[in-house]
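One chain comes next, on its own, written as structure tokens: the form predicted alone.
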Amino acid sequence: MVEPADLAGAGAEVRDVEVLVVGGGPAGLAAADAARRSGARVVLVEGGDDVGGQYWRHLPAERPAAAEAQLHHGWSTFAGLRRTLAGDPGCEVLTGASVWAVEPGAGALVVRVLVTPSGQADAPGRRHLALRPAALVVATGAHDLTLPFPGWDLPGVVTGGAAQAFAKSERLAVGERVVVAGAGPFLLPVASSLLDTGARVLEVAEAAGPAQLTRGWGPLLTGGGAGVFAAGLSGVGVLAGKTRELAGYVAALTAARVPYRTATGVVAARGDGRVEEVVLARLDATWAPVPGTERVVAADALAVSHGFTPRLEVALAAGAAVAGSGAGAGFVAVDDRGATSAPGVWAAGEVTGIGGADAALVEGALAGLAAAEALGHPAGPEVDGLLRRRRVLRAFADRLAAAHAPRPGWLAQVTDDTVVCRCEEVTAGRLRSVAQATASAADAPAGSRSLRLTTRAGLGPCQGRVCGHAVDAVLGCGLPASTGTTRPPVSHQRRPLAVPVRLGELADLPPATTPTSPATSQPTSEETP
């Protein structure tokens, strides 16, 4: 435990904070704004050079776009939130600020932050901060989830999020002839962003087939199911907005004559030194490739995304529990207003469940209001309306998950020579053979601890962020076959350091403040490189 005396005079600037918001995407911005409207003083930390997150990623201020608003949905909302918080003396927005550890303190968590000088991402001399929040709101978002296939480690194969980030923040296409593949509605904005940069999108391949899509989307179209329409006019408004957004993407793909094929997946990428062709195949209802349906598409880039997985490091280190089953399995467990299992810690947005920017804005506002209220700043009457809107958006998100969740047959494309852990070049065959040789009742699931020690799977630079779920799946834990299936363990997300930290920066801390352990869930030694 870190005592106040340990922090005083250390290499870190120590500050008490009323409400600390981690993450500057839609949920974090909404949380900060709501907490300020209630009267709490707020500090928001964001690792990027500007707020906005992936959804509102944009050109840097020194190279502004002439008409940025035309390239983003809800840009006026973002611009308003950013302007309000930047001009509010009661809110401090720290950009280039990465939370790298959360530790138990005397009466409060200690959130350790490194602040990078503006525009100098690799510069030495980052500033240490040790923040002690009375209330913490975690809004750290999510990563792309990409299921491995032979050749996915070739240059030119990128995640959908990376392709979109290049397009939004640099106006660069990842290639001239691009295949977009995976699952979920996110494929549409990825393809649209690529078209905006001048790339030719050869096709969009959606893994879910008609039956799975009908089970998910059908209730939305017929008015039954999860009660989206039953939620009232706010539900109709939500769906109208979603429909307009979807129509925009469909129009863009139609104008560019981009085929959109369902029950189709990428089963291999091939090339000499970089991707030159993509092998696509029809998929059955379980997402297993149908033999004899393979076809080859000549391409110089492949953008793949099968959904998202939450960024849990900060929430786990703060002591928040993760849901073990149900639609929210694998995400931070929260109540309707974002309270986690850890006292004084709230969470909002994609870290609590993939719901899109609209849901993140609502959940961020609820969490910000609840955090401020816990500190004696009463929330206004807006809470009831936000809760109603949240129910509608969560019902919508649950239907999307049902329509696009990975099915277990995808493992059929993972041959023994398929690289699963790209950082350490560990193949599926190596994982399976070591797991069988080392598994024991005390080392579940399927020898995961011994496997990591022996193969180093998940211990490379990405620390399992890219391959962790795939490693679990190859071991037999499996990615969710449906929204009701338990997600695999999240041991690869329990890390003593949330982001990379230089040895010199750790050495700058005096011995008494050198990080000891997260608040809970002590990581095991094999989970660090």
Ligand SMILES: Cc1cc2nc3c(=O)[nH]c(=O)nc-3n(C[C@H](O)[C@H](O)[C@H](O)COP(=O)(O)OP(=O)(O)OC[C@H]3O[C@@H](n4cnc5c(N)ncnc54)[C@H](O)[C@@H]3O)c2cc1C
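All residue numbers are counted from 1 along the displayed sequence. No experiment lies behind these values; they were computed from the predicted model shown.
One more form of this protein should be noted, the form predicted together with the ligand, which is absent from this view; the next part is about it.
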Worksheet entry | Open or blocked: site for the ligand, pose in the model of the complex superimposed, 2.4 Å backbone/C-beta cut-off, 3-atom minimum | open
Item to complete: Answer yes if any heavy atom of G141 is within 4.5 Å of a heavy atom of the ligand in the model of the complex; otherwise answer no.
Response: yes
Discussion item. Can you tell me if F149 lies within 4.5 angstroms of the ligand in the model of the complex, counting non-hydrogen atoms only?
Written reply: no
Discussion item. Taking the ligand as it sits in the model of the complex, is G468 near enough to touch it, meaning that at least one heavy atom pair lies within 4.5 angstroms?
Written reply: no
Worksheet item: Can any non-hydrogen atom of L369 be found within 4.5 angstroms of the ligand in the model of the complex?
Response: no
Worksheet item: Out of the stretches listed (374 to 382, 95 to 103, 255 to 263, 206 to 214), which one is close to the ligand in the model of the complex, meaning heavy atoms within 4.5 Å?
Response: 95 to 103
Item to complete: Flag this candidate site as yes only if P26, K242 and E245 all have a heavy atom within 4.5 Å of the ligand in the model of the complex; otherwise mark no.
Response: yes
Response to the item:
Answer key: of H306, R389, R337, K168, within 4.5 Å of the ligand in the model of the complex (heavy atoms) is K168
Worksheet item: Tell me, which of V420, V179, V314, V345 has a heavy atom within 4.5 angstroms of the ligand in the model of the complex?
Response: V314
Worksheet entry | in the model of the complex: members of 178 to 196 within 4.5 Å of the ligand, any heavy atom | F186, P189
